[in-house]
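One chain follows as structure tokens, the form predicted on its own.
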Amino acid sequence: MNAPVPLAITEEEFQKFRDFFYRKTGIHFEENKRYFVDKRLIDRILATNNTSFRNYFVMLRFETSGKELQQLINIMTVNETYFFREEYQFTCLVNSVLNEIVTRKRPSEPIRIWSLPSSSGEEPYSLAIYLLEYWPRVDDYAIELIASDIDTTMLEKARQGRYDQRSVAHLPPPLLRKYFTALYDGSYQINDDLRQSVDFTQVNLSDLAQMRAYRDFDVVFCRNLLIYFDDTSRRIAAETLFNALNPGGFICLGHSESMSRITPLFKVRKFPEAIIYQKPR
């Protein structure tokens, strides 16, 4: 009896899947991601008991619940992060940005900060720690921390707040002891007060109808996401984030990203600690 032929993705199938995934998420896979995409796609084909890409793709496109698309999104998105990553932007937030924002806030108005993509929670929890530790006026204002991601698996991990040693390696030891409990297996559990200080939500930046619910933010951290988009979806995403900000609000991108190359909507602000972007007032 002949051995079964291993499942493989053809060039035509790769292109078809890439176009579909792009329309759904705005994420564009370059050719150099082909092995990464093929491997995970084949994993999902087999996990759903399909025998070919064609059968799986029909199921994916016409599944009304959207559960398989979400499973696919979860394994196709990259989640590389750790506490206090690109810390200079947090320093800029507490030393410069927030002090400017509060000059136009009434006492009853909250300060709203959005972390997108939040991945497994290291960034929004870092923001919470930084505010508590380094912003002297933290007790003077109601602060809302919203953290969103397209990946439901990562959101669940973020809500649990349990991290390995690599994730917390850049935290100063006193802060690690203050906000985390060391567990028997070498991991660390963030304390309940911090877990409850962040509101985690699932959102797809490319879903414009969904994004209309996200408004009135003072600061957005959207770091190392737009690099996965092509020029068209990058511009649409930038316009969507522009609409999510209050006039005079700020957006922080990753160190290799430049809003000036995407859209003229934002103005460049050069603070002592970092260059970030602002929605004109």
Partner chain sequence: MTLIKKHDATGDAPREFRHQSRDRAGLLCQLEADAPEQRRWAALDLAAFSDAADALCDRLEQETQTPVREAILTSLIQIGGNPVVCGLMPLLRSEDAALRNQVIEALQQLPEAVSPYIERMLADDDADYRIFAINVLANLRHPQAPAWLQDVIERDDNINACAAAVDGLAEIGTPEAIPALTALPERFADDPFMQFCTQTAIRRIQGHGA
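All figures in this text were calculated on a predicted structure; none of them were measured in a lab. Basically, rigid core = biggest C-alpha set you can superpose within 1.5 Å across the two forms. Positions refer to the first chain, counted from 1.
Keep in mind the form predicted together with its partner chain is missing from the figure; the text below concerns it.
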- Item | its partner chain: the contacting residue among L205, A158, L93, A128 in the predicted complex [heavy atom, 4.5 Å] | A128
- Query: What is the one choice in R40, K33, R235, H255 with a heavy atom within 4.5 Å of its partner chain in the predicted complex?
  - Reply: R235
- Query: For E273, is any heavy atom within 4.5 Å of its partner chain in the predicted complex, or not?
  - Reply: no
- Query: Does its partner chain come within 4.5 Å of any heavy atom of Q189 in the predicted complex?
  - Reply: no
- Message: I'd like to check something about E80: if you look in the predicted complex, is any of its heavy atoms closer than or equal to 4.5 Å to a heavy atom of its partner chain?
- Response: no
- Non-hydrogen atom contact I227 with its partner chain in the predicted complex at 4.5 angstroms: no
- Note on the structure: Of the candidate stretches 164-172, 193-201, 83-91, 115-123, the one with residues having heavy atoms within 4.5 Å of its partner chain in the predicted complex is 193-201
- Within 4.5 Å of its partner chain in the predicted complex: residues from 117-144 (heavy atom criterion): A128, L131, L132, V138, D139, Y141, A142, I143, E144
- Message: Given a core-based superposition, decide whether the C-alpha of V58 shifts by 2 Å or more between the shown form and the other one.
- Response: yes
- Item | Rigid core superposition, F266 Cα moves 2 angstroms or more between the shown form and the other one | no
- Message: Is K67 displaced by at least 2 Å at its C-alpha between the shown form and the other one when the rigid core is overlaid?
- Response: yes
- Message: Please check whether, in the predicted complex, the CA atoms of S118 and R23 lie closer or farther apart than here, given a change of 3 Å or more.
- Response: farther
- Given that the distance between the C-alpha atoms of S118 and D19 changes by 3 Å or more in the predicted complex, do they end up closer or farther than here? farther
